[in-house]
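Take a look at this single chain, the form predicted alone, given in structure tokens.
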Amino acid sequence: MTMIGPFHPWRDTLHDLGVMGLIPVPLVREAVIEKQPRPIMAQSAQEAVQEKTNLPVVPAPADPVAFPPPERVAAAATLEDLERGIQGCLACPLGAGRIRFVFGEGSGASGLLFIGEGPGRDEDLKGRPFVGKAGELLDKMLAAIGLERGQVYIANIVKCRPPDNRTPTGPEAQRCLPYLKRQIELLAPRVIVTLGATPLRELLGVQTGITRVRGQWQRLEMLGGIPVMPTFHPAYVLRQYTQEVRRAVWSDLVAAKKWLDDAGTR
């Protein structure tokens, strides 16, 4: 059957995500749906989908709330502008299942940016990054190098929680990546610390496992080149709470802080 009209671009979007045909979208509690901007979709396409699935409808790409246009992202002059412009995003399947959009938080004053994988259960409930057990450990890691949470900026590769805290898929990460890159442009960090393999892979294209790459300086080709220190994710440290793992993370953070301090004297 040939797809025409407003349903055609929606079909193409699913194809870009590697999904063939119609897919079930996780049900979201009514109270949560009420808090989210309501997508606008052509009635004919909406009826067609509901008739086949009886499930919530993924909005059409023409909806500027659910599919923030690239020009809106590029035009955001502040982090606040960017958050307002993208917080209704439903451009990948993760958006339909979220409770809260987790944009990121902190200050760019220190020049240090931490990038993790994606929100977990606690983050999804509170709308803030790294507020669970892994977040508590991250706070302790920062304190160990003489920094407080409010002095750095913390973000993730994806801004909606993957089901069961699984690793974001490549298409999910790539849909969200333009938002993170605009955050980086606005923050202009002097040093980035990536937490775990996912940000290293999706942001820098490094496919090598984190165990082999951690502690080795990388470079993000943005803003003239930003030094990147890969280290273990705090959740991994909690699972592998050995002296060797903790010493490795400590070494990586000390190196990042030294680079940051040295950059301030150049």
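The first residue of the sequence shown is number 1, and the count goes up from there. For clarity, every value in this text was computed on a predicted model and none was experimentally measured.
We do not show the form predicted in complex with uracil (URA), though everything after this point is about it.
For the candidate set 189, 120, 93, 106, a heavy atom within 4.5 Å of uracil (URA) in the predicted bound form is found for exactly one residue, namely 120.
Of the stretches 67-75, 126-134, 81-89, 181-189, only 126-134 has residues with a heavy atom within 4.5 Å of uracil (URA) in the predicted bound form.
None of the heavy atoms of residue 201 is located within 4.5 Å of uracil (URA) in the predicted bound form. With a 4.5 Å cutoff on heavy atoms, residue 233 counts as touching uracil (URA) in the predicted bound form.
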